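Let's start with one chain on its own, the form predicted alone, as C-alpha cells.
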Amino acid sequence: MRPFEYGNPSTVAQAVALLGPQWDEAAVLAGGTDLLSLMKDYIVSPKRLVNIKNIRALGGVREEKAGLRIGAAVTLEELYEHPGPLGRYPALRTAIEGVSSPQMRGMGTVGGDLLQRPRCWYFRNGFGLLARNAKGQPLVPGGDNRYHAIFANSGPAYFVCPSSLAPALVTLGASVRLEGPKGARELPVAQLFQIPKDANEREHAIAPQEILAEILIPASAASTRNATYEVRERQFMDWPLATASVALRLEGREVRQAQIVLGEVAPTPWRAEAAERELAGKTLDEAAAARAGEAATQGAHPLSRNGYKVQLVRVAVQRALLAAIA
C-alpha cells in the first residue's frame, strides 16, 4: 500500500471539497471492505482517503411519505436489523442475507455495495478494468471466463456487476442522491451503472468529486410482490453466479406489470424485458414462471466457459417469481 493523506470531514460539503477532479487523487472511505483490499494489492493508489463514516447526514434509515430513505453510510447489518421496513421489501432483505459474513455485513455499507469494483480476476490482478494484455488485446474471451458476463459481453467490458443490492434496488425503482461541487443530483439506480467504452471510464456514472449520499426506495414499491433468488456455488462467503430480482403488480394472480432484473450476468444490472413481456396479462403459476425464465435468456451470448449461466438464469427467474407469490 502506498502512502496517502487522510481526511476526516464532518459534513458532506467538507468531504466533497477534499475530493479531486481525477480518480487517482482521492477515494471515499466508508466500510473499506473493498477499497482497502484494492489498495493493498496496488490496484488503486489514491493520494488521499476521505473518511465519510463520521458524517451524520449520510447515516440513518427513515420512512417518509416519499418512501424509504437509506443513508449511503448505513451498514448492511444496520439496514437488515432496522425494525419494520424490510418486511415490505423481501427482494432487498434476501439480497442482504446473501452477504452471509457477519463481518462483511457489519462493516460494509449500502453505498459501498453499489459502488464496489468488479470481482473480475483479471482486474484484480492488475490487467485493468477492461482486462487487456500489453498489446491491448482482450484476455477474457480466450481465457478463464467462467464467472464473466453472458449479456452485453461483445466488448470492451466482460466483467459482471458485483453489487448484491443493485438488482433488487433497480427492480424496486430506487434512486440515489449524489452530492458534488455543483450541488445534489438524483439518478435512478439503473442509471448509476454503465459499461465503460475505454480504459478512461469507470463502471459507475459518478464523477470523481461526487459522493453517493442516499438511496430512496419509492413508497409505491411497497405495494408490489417482490423477491430475489440467488444461485451460488457455496452458501457461505461467496458471490452469486446468477441473481434474479422481481417486482410484480398483480390483480389476483394475473400480472399487470412486472419488473425483472438479473445480476452477475452482465456489466450492469440486466433488465429481462422479454421475460416481463412474457408475463404481461398472464396468470402467474409454475408454467408461466418457467416460460418467463426461458424468455429471460433471450440475447444471451455465453463465452467459452460460462454457458452454464444460461440455465442458472432460467432457474433464478422462475424461482424468484414463485417466491414473490408464495
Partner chain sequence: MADLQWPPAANRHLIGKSISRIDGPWKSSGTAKYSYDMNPPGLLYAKMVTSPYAHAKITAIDTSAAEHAPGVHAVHLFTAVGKEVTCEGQEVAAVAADTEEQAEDAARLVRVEYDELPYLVADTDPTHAGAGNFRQNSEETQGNPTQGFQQAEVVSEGEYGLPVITHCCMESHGSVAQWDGDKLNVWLSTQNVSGQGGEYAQGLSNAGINFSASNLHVDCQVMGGGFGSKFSADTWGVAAAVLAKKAGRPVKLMLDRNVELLVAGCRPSMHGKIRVGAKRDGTLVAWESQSWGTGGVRGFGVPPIPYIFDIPNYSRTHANVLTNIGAARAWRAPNHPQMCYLTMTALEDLAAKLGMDPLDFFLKNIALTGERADYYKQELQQAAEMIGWKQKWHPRGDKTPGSIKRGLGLSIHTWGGAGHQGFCRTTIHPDGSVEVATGSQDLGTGTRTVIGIVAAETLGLPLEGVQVEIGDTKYPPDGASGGSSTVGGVTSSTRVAATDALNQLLAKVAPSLGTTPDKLEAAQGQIRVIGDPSKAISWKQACAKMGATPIVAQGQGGSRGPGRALISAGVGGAQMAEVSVDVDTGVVRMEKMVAVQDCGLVIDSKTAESQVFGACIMGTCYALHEEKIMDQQTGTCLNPNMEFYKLGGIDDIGDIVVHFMTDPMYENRGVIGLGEPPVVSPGAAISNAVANAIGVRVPELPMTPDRVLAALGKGGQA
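Residue numbers count along the first chain shown, from 1. None of these values were measured; they are calculated from a predicted model.
The form predicted together with the partner chain is left out here; the points below concern that form.
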Report yes if all three of Phe159, Phe193 and Glu294 come within 4.5 Å of the partner chain in the predicted complex by some heavy atom, otherwise no. no
Does Glu233 reach the partner chain in the predicted complex, with heavy atoms at most 4.5 Å apart? yes
Does any heavy atom of Tyr122 come within 4.5 Å of a heavy atom of the partner chain in the predicted complex? yes
So in the predicted complex, does any heavy atom of Asp238 sit within 4.5 Å of the partner chain? yes
Does any heavy atom of Gly71 come within 4.5 Å of a heavy atom of the partner chain in the predicted complex? no
If we test each of Pro85, Gly173, Pro138, Gly180 for a heavy atom within 4.5 Å of the partner chain in the predicted complex, the one that passes is Pro138
Only one of 212 to 220, 181 to 189, 114 to 122, 250 to 258 has residues with a heavy atom within 4.5 Å of the partner chain in the predicted complex, and that stretch is 114 to 122
What residues in 132 to 147 sit within 4.5 Å of the partner chain in the predicted complex, counting heavy atoms only? Pro138, Leu139, Gly142, Gly143, Asp144, Arg146, Tyr147
